[in-house]
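Given next, in structure tokens, is a single chain: the form predicted alone.
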């Protein structure tokens, strides 16, 4: 039982958030003081939601002061629950909101051109994350969340997964490393809420994947989750780069390898440059490791989000190296990256002609096809089919076009 008398979570200054100050009491029941920027419309509803949350948490004596700035119910519940967990031994699962978003079936091979990072303790940014068209959204519990707010962010991310529809985007949660006090607790709270994929930071070896998988599998069994969640190792160190192949092959749940250049260059003790020459070898090794295991490779973020020209150059290089996507720290980076990965009409038409030629040759019992006197071999066919699969996923093919 905590000896702390009061706990504070959230913010009354951030849009879409609420500041909660919960004071532990020994008698007198529950009292609530709440103000809101939307008092006229929702003031009474906020107080009712706060009272219901405290009752569901089994709290009988407390004084709650709240300053609301337009928070949704699931945010109010998260902030109160996080404060309560700092004061009482709350019985699991706490007070999660009713599920509004169905649990999706994770898809190993899907579009991952962009993965948009959103701080896990910012309800407004997370709520709007699905409107920008990123293929993947990442609710981040690691680098973007201060240690003192890790517990509050964990509850908020769980409630967000249960409540916010990301319009078909893959929903990933970046947990904290298991080497910290937060990692295992992240998995226990997040997995029941049904993310598609868990992003494993600072992944240095196959054992790091196995350790996360063991906890995830245990939580899935406890909660009757039939479809295994996917894993996405994030390689950010020299050791991790050298072990990329074994990391990619560590589990059938691994769907992609990601590269994190900021921590990687810090590990090397060098500056990160616009050209990225210091990470060229590492990026190449990660692509090779991923491809050897039959999974996707996804490049690091381009940190200078106002430098669109540099972003496009970096994305073109990533695509030429074999990456299927790139990290995104600002919504304005999404469309330029998508445009780079979008097959041109000329490439699509050429890919169609390659597939048509090879299939015609096979229908005639020949294993050799040519286009304009150029022999079509297996690697050319594979590249053509990859272009058509991407074009198909983007809706760029006519009905009946082969992939």
Partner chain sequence: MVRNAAGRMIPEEIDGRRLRPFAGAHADRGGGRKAAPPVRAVADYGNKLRASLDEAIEACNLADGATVSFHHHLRNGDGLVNMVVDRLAARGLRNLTLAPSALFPVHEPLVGHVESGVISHIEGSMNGPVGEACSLGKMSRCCILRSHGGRYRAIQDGDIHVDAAFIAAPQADEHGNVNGLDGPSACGVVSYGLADSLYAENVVVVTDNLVPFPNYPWPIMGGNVDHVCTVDRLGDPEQIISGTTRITRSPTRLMIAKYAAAFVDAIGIMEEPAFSFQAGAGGISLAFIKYLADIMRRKGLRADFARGGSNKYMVEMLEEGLIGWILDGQCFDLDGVRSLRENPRHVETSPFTSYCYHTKGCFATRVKAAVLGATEIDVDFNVNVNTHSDGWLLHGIGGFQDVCDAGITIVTAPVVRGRVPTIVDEVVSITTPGETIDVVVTEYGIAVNPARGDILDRLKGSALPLKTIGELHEIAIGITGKPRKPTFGDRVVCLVEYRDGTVIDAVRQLVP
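Residue numbers count along the first chain shown, from 1. Note that the structure is a prediction, hence the values are computed from the model and not measured.
Omitted from view is the form predicted in complex with its partner chain, to which the following refers.
Think of it this way: in the predicted bound form, its partner chain has a heavy atom of just one of 377, 44, 360, 33 within 4.5 Å, and the residue is 44. This chain appears without its partner; in the predicted bound form, the one residue of 155, 76, 199, 126 with a heavy atom within 4.5 Å of its partner chain is 76.
Mapping the unseen interface onto this chain, residue 331 counts among the residues with a heavy atom inside 4.5 Å of its partner chain in the predicted bound form. A residue is said to contact a partner when one of its heavy atoms sits within 4.5 Å of a partner heavy atom; residue 235 fails this definition for its partner chain in the predicted bound form, lying far away. The shortest heavy atom separation between residue 70 and its partner chain in the predicted bound form is within 4.5 Å. In the predicted bound form, residue 88 stays away from its partner chain, with no heavy atom inside 4.5 Å.
Only one listed stretch (367-375, 346-354, 54-62, 33-41) carries heavy atoms within 4.5 Å of its partner chain in the predicted bound form, and that stretch is 33-41. Contact check for 182, 264 and 274: none of the three has a heavy atom within 4.5 Å of its partner chain in the predicted bound form. In the predicted bound form, its partner chain lies within 4.5 angstroms of at least one heavy atom of each of the following residues of 119-135: 127, 131, 132, in sequence order.
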